Structures are given as C-alpha cells and as structure tokens.
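One chain is shown next in structure tokens, namely the form predicted alone.
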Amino acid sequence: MAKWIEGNGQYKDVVVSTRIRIARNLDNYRFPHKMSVEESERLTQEILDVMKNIPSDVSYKFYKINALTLTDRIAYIEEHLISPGLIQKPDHSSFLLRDDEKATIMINEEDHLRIQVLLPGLNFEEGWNGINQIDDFLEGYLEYAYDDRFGYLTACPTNVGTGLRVSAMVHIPCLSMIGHVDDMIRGFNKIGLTVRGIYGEGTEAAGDLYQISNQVTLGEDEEEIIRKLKNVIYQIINKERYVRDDLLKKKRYEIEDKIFRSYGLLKYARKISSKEAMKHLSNVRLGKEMGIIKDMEFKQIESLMIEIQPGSIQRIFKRELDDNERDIMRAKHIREKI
C-alpha cells in the first residue's frame, strides 16, 4: 500500500487526495531543457549538499531516474509520488522521497525543483503548511530565480508568479452517471481552474477520478488560490452527495445491482485489464460511499486502484509481465485482496 494513503482526511467519500506543488528554479543555472548532463549533475549535488542540513527527525531517500528500472519509474508515477514528466530525461532527473511518502522533491523535471506534498482526503491546510516548511528550508540555502514584478520565474509561463499548483483528486461517479462532468469542466475553465486525469496534465480520467487544480499562478497570492479551489471542491462534494442520495432513493435496485455485479466480478475474475478493473473498483468505491459495501475500507480500494496499474502489478510480482500475464496476475492480486 502506498504510504500516503494511510492517515485521515476530510470528506473521504468524495475526495481521494490533496496535492500541493510548487515550482522553483535556481538563479545561477539554465532551465532544465537547456542544461547539459554535467550542469544537471552539479545542480543535483548542490541540492543534496543542502539536504544534509535537514533536521535529524526528517529523512529523505534519494533516487536517480536512470538508476531505476522502467517498471519502478512507472510504479512511482502510478503511486502519484513523481510526475510523468520527471522520467522524460532520465540522465538529468532525480528525486528525494520523504520516508512517509507524503513529500517529494523532484529535481530537473520541467523546473529545477518541483516540490509536492500529497495527503489523503481534503487537507489543504496541512498540505500548505508542510510545503511551506520544505520551501523555507531550501530557500534558506539556495538562491531562487525571483523577480520583484513577476514573482518566482519558471520554465513555463503558466507557472510564473507563485509557482503554485493546488489540486484535489475527486471521485464523482454519480455526477458522471447523470452526464454533468463535461458541463462542470467547461464551467471550471471559465474561472481559471482545470480538470485533468489521474496522473495530471495530458492523462485521461479513469475510474471516475478527476484531478481539479488551479490554472493561474500569476496575480493571485497563495492563500487566495487555495481558498478559491477549496470553495469549488466543497461545491463538488455537495453536488456528488446530493445526486448520490437522489439516485439511491429513485434507483436503489439498479444501483445495488451495478455495485454488486462489480464486486462479484472483482472477487472471482481470472483475467482483467487495468481499465476494466478501474471501472469496477469505482463502482465498489461508490458502494462504500453509499453504505452498501460494508467489508472494504476506502484506503483498501484506493490502494488497489494503484496496485493494479501496469508498473505496480509487475513490481508486486517482481518480474516483467506481458499484457496477457498482467491481466491474469492483476485478477489474482484483486481476488487475494478482496
């Protein structure tokens, strides 16, 4: 089980996770896409030297992307611990992962530093406090690229300013059922928010999971960005709960049939793709949210949603698997967990 799933968060029936991420660059280096391997290694070593000063009660482990197998790289993405962009230039990139896996410092992704804090449920305040502590520590030793007019300077103009991305992963199967997701996405775009898939920009939604985040970082302070997104997430929670209750009143047998069919298939299937498994796990999670499924916890379902992915399932069984083998071993793993 991914460690960050452990612990409590608010509104777990709708909000799977909260992520706070900031982008920072060092003043005396070119942006990563212009850096040589030698420059990237020098920058990485500078950051590692700074991390030696971190308080003794906090521990991070360092990973170089080119030292990891492709399976492990993909598995770290599937666990939401690193971004897909980090593995694009393996000779340049690395990351530091805190022991509790709730904080990651990515080095030489699109920016020199991408710092994230990942927490279960709706937990903006703890996430913001946590990332502030990491950022303040690093800024005490490193000279950030900063402009008095524009704020923190970043490789992509959309991150200039605060460099802040705040997001919440929401599970909204009932809004999906009644066809409200597309309208919701269009509405969010008008107010400077964006909706992405489960692994961020350029990825698809799966299992009725959507990542809602801010688009604008320039001209708004951090507290306002967080407050704006939090208010929207509250609206999503209320709408999903309202539709959930309405569907349960009007179509209880249809909903229960859908949920228990998925539960039975997961419990007994001998072969299943990740896409099909995500669909049925989404239905089982809905059953948990509605109080229909009694013998599974949210963290168990969310852990399975990660463990069934291609990289993670190969890491669990400690060998490379072709597509057919993955489908067989995925079904085996789900049966054992359920």
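Residue numbers run from 1 along the displayed sequence. Source: prediction; values computed, not measured.
This next part talks about the form predicted in complex with another copy of the chain, which is not shown.
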| request: Could you tell me if all three of Val216, Tyr234 and Ile237 have a heavy atom no more than 4.5 Å from another copy of the chain in the predicted bound form? | output: no
| remark: Only one of 267-275, 299-307, 61-69, 281-289 has residues with a heavy atom within 4.5 Å of another copy of the chain in the predicted bound form, and that stretch is 267-275
| Do Asp257 and another copy of the chain come within 4.5 Å of each other in the predicted bound form, heavy atoms counted? | yes
| said: Even though the partner isn't displayed, in the predicted bound form is Tyr263 close enough to another copy of the chain, meaning a heavy atom within 4.5 Å? | reply: yes
| said: Can you work out whether Ile328 and another copy of the chain are in contact in the predicted bound form, taking contact to mean some heavy atom pair no more than 4.5 Å apart? | reply: yes
